[in-house]
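Heads up, the chain below is alone and in the form predicted alone; it's given as structure tokens.
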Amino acid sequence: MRRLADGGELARRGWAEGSAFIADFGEHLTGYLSFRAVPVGSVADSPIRLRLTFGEVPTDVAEPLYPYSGWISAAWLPEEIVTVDDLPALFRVPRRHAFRYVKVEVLAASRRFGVRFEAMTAHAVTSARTEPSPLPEAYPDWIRQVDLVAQRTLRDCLQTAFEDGPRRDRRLWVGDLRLQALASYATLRADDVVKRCLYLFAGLPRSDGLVNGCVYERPEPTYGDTTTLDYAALFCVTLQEYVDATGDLACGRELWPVARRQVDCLLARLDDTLLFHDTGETWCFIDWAFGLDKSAATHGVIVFALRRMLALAERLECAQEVAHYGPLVDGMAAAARAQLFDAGRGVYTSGPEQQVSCAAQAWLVLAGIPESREEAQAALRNALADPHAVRPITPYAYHYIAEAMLACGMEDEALGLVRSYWGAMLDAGADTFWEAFDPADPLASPYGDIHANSYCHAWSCSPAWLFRARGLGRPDGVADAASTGEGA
């Protein structure tokens, strides 16, 4: 990117048919664009037609959006073709966009005049009401920067609900919600939005009681028709963490039957040995990594959720109601140790091909499956060192590797992981953290076209929680930076 002039110069230049420029607003924003279009050189004797391309990253505005090869709708591509009839005019783009850059192309205008763009303004919107204090200067600069970018990611996804990405989808997903809620407890404290999101899921289940993987908030709250088994398990976890972070026992009690129903539905899918197998009949997400076998990881998610459900029952004083789940947890843990652990390689495997993946190790460690801290550490290290192991491509899955590392005492390695992954996005110029990022292939897209990717995505905001609530990277002598959330 080469800077041509400051923003004030824009209002002094005229742009003729066929000309174009890119405006840089300096940081990523979610909101609306407005400008005043004024004719230059003569009276405007025709309308003007403009193409406006909104960019979260430079490739959005520096490369053509077409031909488009993605498998999700091209209607999500961030562009508008608008016609302004009567000049001079104040024009506001009616659709909300996520952007730092705007490319303006004058597609058509009379040859008798040019057009000047005055007062070009981005109107940012968010439900965030506070701005947390920065981390103390004793922290390394890269940690302070990752923390800031993580908070901006959360801020720009925080609308009337926690959107997964303000550029594309703009819907609420359970998996994203858990990580956004954790980051929010330690920073923006949008507890009311977390609560609203929990009720949206609880109020829009499918016929068997499983919560949807996602729900649509607009034009009115709507069933998403997308069931994701590992996400359904995380509803219980998110509710437990909300109650811990806020003390809102009334909400916990009201939504308790929904949380318990998720576990009941998932336990019905175990085989006779109490092991989960991903048959493909219902979607398990875990990560977008190509070829990932998800059976072992999803088994871990279910055990993780079961343990949190028992903790929530204790908090709500209804432990006797679910006391029979204790032996089930033990049985599922024993089944995983007996059938999934490869003692020779020191890793857990998944599926008929005994696939090794980083995600499977992470979730089984978080579920408490390894019999010792040393065994858990070895499983994570061995998978990460295995060149044939399936590695994640999303910040969502990398978060759970970092969280698993913290769960078994690998603080230095967790910090190194955040530095090498989120730090690499920062080094690449990220203003907000991205939906998918493979350091070995930065232009990769799970959708078949990089222009379909979201570059401000909810599930990538978790470093703020890791730093502030879990103490990751905290220098000696620095007090706890978290406002709350340690119990979550």
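Here the structure is a predicted model, which is why all the values come from computation and not from measurement. Position 1 is the first residue in the sequence shown; the rest follow in order.
As for the form predicted together with another copy of the chain, it is not shown, yet the points below apply to it.
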Practice task
Answer yes or no: in the predicted bound form, does another copy of the chain come within 4.5 Å of a heavy atom in every one of 44, 79 and 111?
Solution key: yes
Problem - Sole residue of 273, 83, 372, 320 within 4.5 Å of another copy of the chain in the predicted bound form, by heavy atom - result: 83
Practice task
Name the residue from 48, 425, 33, 29 that puts a heavy atom within 4.5 Å of another copy of the chain in the predicted bound form.
Solution key: 48
Problem - Contact test in the predicted bound form: residue 95 vs another copy of the chain, heavy atoms, 4.5 Å - result: yes
Exercise for the section: Indicate whether another copy of the chain has at least one heavy atom within 4.5 Å of a heavy atom of residue 226 in the predicted bound form. Expected result: yes
Handout entry: Close approach of residue 74 to another copy of the chain in the predicted bound form, 4.5 Å, heavy atom
Key = yes
Practice task
Spell out, yes or no, whether the shortest heavy atom distance between residue 304 and another copy of the chain in the predicted bound form is within 4.5 Å.
Solution key: no
Handout entry: Heavy atom contact within 4.5 Å of another copy of the chain in the predicted bound form, the stretch among 118 to 126, 230 to 238, 169 to 177, 135 to 143
Key = 169 to 177
Handout entry: Within 182 to 217, the residues that have a heavy atom no more than 4.5 Å from another copy of the chain in the predicted bound form
Key = 216
